[in-house]
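Just one chain is shown here, as C-alpha cells, and it is the form predicted alone.
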C-alpha cells in the first residue's frame, strides 16, 4: 500500500502550520532569561518601539496556576521573579508585523541578580542545592534481582567500565509552531505536535477552562522524534495567552536557532558497569549505575530514567542484577523526550561494555553475546519471563551472515597490517526494546479508538494519534481495510481534533502501530457486530451497503463503535518494586557496522551497516525499512558527530552550520532485514518498531572503531578530537 499522504508532501501541497490561512493575526515572540540562575530584579522596555502597538503578557496574566501540567507541576509557564536556566521564558510579546514583534522582544531587557549555577550532573552538589534537596536528585529508581553482592564476591572475573553519552538535538524538519484563536468562547489551538490530549490537559490546567471551551487540532507535522511530545504544551500556552489578551489569532513559529536553544534534547548520561563473569563467558552478576542530566525541570525525566534502567542490562540472561538510576537537576535547559527514551543511552553503555568484558577474558565478543543471549523461559532484570518464541540467536546469526562478519574480520587484519594511513574494523550490537508504555502505563491510559461508518459507506478511523512522517495513517488505513475487506480508498482517518476524536493516547513509545492498531482491529469488529454482520459477511461491498442502509434507516444518527485498551493476559507489573512484566512485548535486534578510520585526520567513516530485527509481523515493508534506515542514520549522527556545545547551560552551536548531522554522503548503505514472529497482542501480529533502530547504531559503530584502532573509546559523540586523544 502506498503512503497515504506521500504525494501531498512530495508535491508541496501538504499544509503545515505556517501554510495555514490566517487573517488579521499577530505574530508572537518570547522574551527569555539571559542567565542560568538567579532572581529577576527588573524588566525594562527599551526605546525605539511603539509599545502601545505591542501586546505584552507576563505571569500576572495567567488565569490559572503558573505551571505546565505534566508528570510534576514544577515548571512555570512564564518565570515569575526567578529563573532556573538560560532561555527560560519570562515575557511574551505580539505584533502584526513579525519583524516588529522580533524587534520588541529584543528591546526588552531582563535584569537578573545571578546565583551560582550547577551544570555538572555527574557530581553531587551538596553545598549548592538548586531546589530539590542537598543531592539534587530529581528521580531515583532501582531494579534488583538475585544476590549481586555475593555473586560479585564469588565471581572469577570482575570487569568495570564507565561510559558517557552526550545530548542530541532532534533536528525535525519543521520547527516548533502553533496558532491560537478564539472561536466564540472556544479557544482553539492548532500546531505541530505529537500528543493533542497532552496539550489539552495543559491548557485546561493553566487557563482554567473546561473541555467545552477548549479545542486542540493536530496540524500536519514535519517530524517530531519526541521533540513534539511535551514541549508543544509550552508553545500552545504562550500562543493562547497572547490570543486571549489580544482578542486576535496569534501565530508563534520558532526560527531554527531559537528552537535549538530553548527546546528539550536527549538526556546526557553517565553509566558505570561492574560485571561478574566466569572465565568461559557466562554472566554471573551485573551491577549498573545510571546517572542522567535532567536539566532545570522534571519534564518527562522519570519516564526516560525508567525505560533507561529497564533496558540497561541488555537482552541477556543473568541471575543477579542491580541497577540504580538517578536523574539529576542542573541549571541546563531541561532535557526531555527523544526517540528511544533513555534506552539508547543504556544500550550504548551495555553493548560497549560487552566488548570490554570480552577483551578482558580473551573471548570473541560475538561468542560472548551468543552465550548469554536470553532464551525462552529465562527472565529479564525485572523478572519478566520471556516466552515469545523468538529465536534471538538467529537474529544475531543473520546479521553476521549478511555483513560477512568473519570474512571481513580476516580481511581487515590483513588490510590494517599493510596500510599506513587507514584502519578498518567490524562491530556488533545486540539489543531489545519494549513496545508501549512501561508496566501498567497502558492500563492507566485507557486508550480508546472509534471506527465510524459514514453515510456514503466509507469507514472513518477516529484516534488522537498523529502523523508526523512515520506513516501512521497509512498503517491505520491498511489495518482497517484488511479487517473489513475494503479498498484503502474507502477508509479515511479523521483529523486528530480533541473535540471530535477519543483519547487514544500519545504518539510515543513505539505504541502507535501495536497498541492503537490493535484497537482499530477490535473497533472494526465491534462495528461489524453493531451492523448485525459477522467477520465473514460484514466485508467489502456488503459492509458498505450495510452502512448506507443503516444511515437510511437511522437518519441523523451517528454510526460508530469503540474499543478500549485491554492488557494481554498474564501481564503483571508492580510499580513499587519495579518487578514484573515491563512490556507486553519486546522487539529484538542485532546490528553490525563496518568502519574505516583515517589516521591523518582521525575521521571515522561507516562503510557498511546491516540491521536485522524481529518486530513480530511487518505490516508495511517500505515504511518499516524507512523507520530502520532513518533510525540508523540518526544513531550514526549521535555516535560520531552530533555534539551539543554548552555555555552557562545553554546551547551555543544552535544552528545547522555548526551542529553537524550526517548527510547522505556521510552514510553507508543501510541494509535491513526482518525476521518475523507474530505477536498475538498486536494487529496482524505486529510489535512496535519506531524506537528500536536508535538503540543499536552507536554501540555497533563505536565497537567497530575500537576494533579498527585497537583502543577503548567510551564517550560519544566520538568526534575526531576525542578519537585522536585515544591514539
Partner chain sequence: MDSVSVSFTLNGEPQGLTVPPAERLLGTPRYRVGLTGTKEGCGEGECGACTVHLDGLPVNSCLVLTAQVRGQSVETVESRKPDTLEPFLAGGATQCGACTPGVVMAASWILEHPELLRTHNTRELMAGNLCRCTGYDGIVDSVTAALTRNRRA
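Numbering follows the first chain given and starts at 1. Every value quoted in this text rests on a predicted model; they were computed, and no experiment measured them.
The form predicted together with its partner chain exists for this protein as well; it is not shown, and the discussion that follows is about that form.
A residue is said to contact a partner when one of its heavy atoms sits within 4.5 Å of a partner heavy atom; residue 287 fails this definition for its partner chain in the model of the complex, lying far away. In the model of the complex, none of the heavy atoms of residue 49 sits within 4.5 Å of a heavy atom of its partner chain.
Of the heavy atoms in residue 417, none are within 4.5 Å of its partner chain in the model of the complex. When its partner chain is considered in the model of the complex, residue 588 lies well away from it, no heavy atom lying within 4.5 Å. Contact with its partner chain in the model of the complex, defined as a heavy atom within 4.5 Å, holds for exactly one of 80, 157, 171, 141, namely 171. The contact residue chosen from 633, 396, 386, 270 relative to its partner chain in the model of the complex is 633, the criterion being a non-hydrogen atom within 4.5 angstroms. Using a 4.5 Å heavy atom cutoff, none of 95, 199 and 557 lies near its partner chain in the model of the complex.
Picking from 231 to 239, 105 to 113, 161 to 169, 408 to 416 the stretch near its partner chain in the model of the complex, with a 4.5 Å limit on heavy atoms, gives 161 to 169. In the model of the complex, its partner chain lies within 4.5 angstroms of at least one heavy atom of each of the following residues of 214 to 238: 221, 222, 223, 225, in sequence order.
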